[in-house]
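Heads up, the chain below is alone and in the form predicted on its own; it's given as structure tokens.
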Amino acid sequence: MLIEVGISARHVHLSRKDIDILFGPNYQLSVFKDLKQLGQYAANEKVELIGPKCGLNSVRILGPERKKTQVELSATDCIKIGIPVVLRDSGDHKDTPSVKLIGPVGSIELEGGVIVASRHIHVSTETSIKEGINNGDMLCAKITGEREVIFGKVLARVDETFVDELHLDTDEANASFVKNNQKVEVYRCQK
């Protein structure tokens, strides 16, 4: 099947508590642009990240707010700011690095929660039924072109609110010359 790619640049998901600290009590994030996944958006608001070696300015926040703050970086970002590269599925914060977040009103020392997100595919329930894909299945994605790449171990996430979309980080996208919204082939990997 063919699925569009969404390239995921570095970003932060914030909890209500951390929004209050960084931006002020009861502050509401504002929408810069809606994302393909229903109810998800890139916010106008940005924060600064500080690691042991250096910082990253203007890191965009994605909304809506989450139960727990999570920072998603590329491996290149992690190396640049001096933290370990830890590959995880979203929400898995066990033994993950820390960074400092600085907002316009305050700052926090985040205790873990910095990940390089595992590549994954958001799969609608309709596509799941049609293609026989179950939540948690591992798939392959083939990007054709000048630098053809086959990505294995692509986690399928199935939900009725999802729109079909392969999420790759900027390192993966740059390695394969893939572009946002480009259609790529997704299939079951050979064992």
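No experiment lies behind these values; they were computed from the predicted model shown. From 1 onward, residues are counted along the sequence shown.
Form predicted in complex with another copy of the chain: not shown, discussed below.
Of the candidate stretches 149 to 157, 127 to 135, 61 to 69, 31 to 39, only 149 to 157 has residues with heavy atoms within 4.5 Å of another copy of the chain in the predicted bound form. Taking the partner from elsewhere, His93 is found to have every heavy atom lying beyond 4.5 Å of another copy of the chain in the predicted bound form. In the predicted bound form, at least one heavy atom of Asn174 sits within 4.5 Å of another copy of the chain. Another copy of the chain is not drawn, but in the predicted bound form it has no heavy atom within 4.5 Å of Gly55. Put simply, Lys80 is close to another copy of the chain in the predicted bound form: some heavy atom of it is within 4.5 Å.
Contact annotation for the candidate site: Val85, Ala117 and Gln190 all lie close to another copy of the chain in the predicted bound form (heavy atom within 4.5 Å).
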